[in-house]
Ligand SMILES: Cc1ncc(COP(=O)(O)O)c(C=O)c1O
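Read the single chain below, which is given as structure tokens and is the form predicted on its own.
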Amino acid sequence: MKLVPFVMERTQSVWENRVELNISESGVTPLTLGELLDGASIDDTKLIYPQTNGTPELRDAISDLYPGSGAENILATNGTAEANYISVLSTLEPGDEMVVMTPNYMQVVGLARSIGANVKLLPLHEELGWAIDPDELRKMVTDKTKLIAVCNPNNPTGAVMSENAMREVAKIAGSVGAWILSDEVYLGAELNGEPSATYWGWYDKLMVTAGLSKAYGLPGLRMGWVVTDKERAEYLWSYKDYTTIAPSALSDRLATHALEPARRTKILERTRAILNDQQPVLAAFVERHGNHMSWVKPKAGAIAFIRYSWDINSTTLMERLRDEKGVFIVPGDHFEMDHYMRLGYGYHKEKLEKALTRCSEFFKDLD
């Protein structure tokens, strides 16, 4: 299998720690280890190979997020990225079909294309608040459709699917016996404080992926998971035997600590406070450039997908902002949608304001 290059991740890996002002990130300012521990100690943690699907304590803590699940339904992974990777790899064969909402985090698209699957892109409609049209999905699925992939809350738009839309997707998937892969890594980062619905419990052939990187502000732990039926969890575990084998013993322990109910609530409250404090900064920026910019205000997550009308390719825009202004963004090209840019607003407020000021200077020159 020859992998399709994952352009966005490679570009971010090369530049995110080299530019002065990075507003490409899709999470909130990460917690420090001291903030997470809050006086607790992990000095007694043995640096062993932990149970490779996650310790029972960790899987119990994750299952508390999904009513009706148990530790047997959980596979702990090294980040949501590994969860998505093994979910796609274990489901698709060459010639199978996958329908994926777009714009979307392009990992699953690249993997499916690398496998030799036929990838069908289900558009989110900006004029509908970045929602799908279920009738379009009905027309796309066939007897060869093995997987329907959604990302909710969505990356890069910050949109949240309605429960009616989720039910329609489940109904359509059931009509052809397809699996649903629901990437829910941003669940818990809703600005209004009301958690969006998880797909768990709505459909039988289901793999829900998530982790601690985005809503929890703990990307450095590299802790993710898949929630699915017991048999599928065992099957996915066999794929993990060939990837990272086990989570870090420290990450397993710290993730279990983070997911204790009271601490989990505190962490998510912190995330929502950051988003509600800093989104107005981005809103004011979009308004300043209203002649050339438009957006659907994000409902969740620390990212916004902004349309612009200047006559400049989005990758060229990213490179010029990086080289001329020391500001790093994600171009719409990385989502196969030119004349858009993804901006992250969840990191340091002062840096966000400084970065947007420099962007405004750049756009004034374009005018």
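Here the structure is a predicted model, which means the values were calculated and not measured. Residues carry their position along the shown sequence, with the first being 1.
The protein also exists as the form predicted together with this ligand; that form is not presented, and the subsequent description refers to it.
S.K.: Just one of 91 to 99, 77 to 85, 279 to 287, 239 to 247 has heavy atoms within 4.5 Å of this ligand in the model of the complex; which?
M.R.: Single hit among the candidates: 77 to 85.
S.K.: In the model of the complex, is there a heavy atom of this ligand that lies within 4.5 Å of any heavy atom of residue 20, even though the partner is absent here?
M.R.: So residue 20 does not count as contacting this ligand.
S.K.: If you check in the model of the complex, is residue 222 within 4.5 Å of this ligand, heavy atoms only?
M.R.: Residue-level check for residue 222: yes, a contact with this ligand.
S.K.: Contact with this ligand in the model of the complex for residue 216, defined as at least one heavy atom pair within 4.5 Å: yes or no?
M.R.: Contact check for residue 216: no, nothing within 4.5 Å of this ligand in the model of the complex.
S.K.: According to a 4.5 angstroms non-hydrogen atom cut-off, is residue 151 in contact with this ligand in the model of the complex?
M.R.: Although this ligand is absent here, residue 151 would touch it in the model of the complex, with heavy atoms inside 4.5 Å.
S.K.: With this ligand left out of view, which of 105, 199, 295, 130 would have a heavy atom within 4.5 Å of it in the model of the complex?
M.R.: When this ligand is considered in the model of the complex, the option within 4.5 Å is 105.
S.K.: Quick one: of 155, 145, 73, 251, which gets a non-hydrogen atom within 4.5 angstroms of this ligand in the model of the complex?
M.R.: Here the answer is residue option 155.
S.K.: Mind listing which residues of 164 to 198 have a heavy atom within 4.5 Å of this ligand in the model of the complex?
M.R.: Result: 183, 185, 186.
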